[in-house]
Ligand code: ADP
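As a starting point, one isolated chain is supplied in structure tokens, in the form predicted alone.
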């Protein structure tokens, strides 16, 4: 598992890697980014995930050259870019509001970066049309100004403008935030497909957990200006290093406890790892309880169950036999459904947990590895 703030390995022959080393930034005495080190291997997509105000967009601007770090180093393709302005970095930036020129057509917006780089007219036209075609903009739409385009079409133009310059790194600031759910899901798939086709190293910022998990090679969870954990989505989801990561990267049942080698820990059970029913058979731990609430989510149900020992569980299950408020049930947790998160900044390790002397929040003591 990747330690917090660890620099991911990058090969010596990997020229297009993105790297931050000990980067900090603040406004006066107010810190915004605190000692962040991370790296993105060439061709991969890293998503920085965190709540509003956590510093993730600031990290993106530091990579793009729109801000200069107070301390630390920014590298693109092995070159120190820390003090260079945006136009010297060849980084394609897509802003959350798209920042399209309102007086220019879609075609002219996409061509702008090539004009600045003095690309010959014929080559410029070819590259613009090729990129607008790749993002799915029709020939008729290409000659419309932004006001005559839908939000999804504007998003495609902004993405084409960022990609047409063939950037060393693509920077995406909440690229899908302004779209409705159906269009967001569609363009999310298209964005990932286009990133894989072009092979451009990409850093994306979002607060949407599902978006981060579905499109990323790597996810970095950000809180209070620090990158708490970086790793493949499945790893960070299943083995969070801190309670914050566990809570922010999906729903989690968290209980106070103790683990072998750690004086204190937090025990995590994901809702989908819980079993609910008359017996909850096949589980390592089973508790009787009462359904306090049920939420219908279409393909699944989310039930709140208060157990007789005062532990409270969120349980995710498929609709089957109806669950009703007040219904008596049993909640079970399989042996491999538990992850122990140490409160201290140490690596987590799976262990067998025995829950006893229950109280609100629970008390968990390991019986052995």
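Residue numbers count along the first chain shown, from 1. Treat the numbers as computed from the prediction; the structure is a model and nothing was measured.
One more form of this protein, predicted in complex with adenosine-5'-diphosphate, exists but is not displayed; see below.
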Classify residue 29 as contacting or not contacting adenosine-5'-diphosphate in the predicted bound form by the rule of any non-hydrogen atom within 4.5 angstroms, answering yes or no.
no
Exercise: residue 58 in contact with adenosine-5'-diphosphate in the predicted bound form, heavy atom 4.5 Å:
yes
Does adenosine-5'-diphosphate get within 4.5 angstroms of any non-hydrogen atom of residue 51 in the predicted bound form?
yes
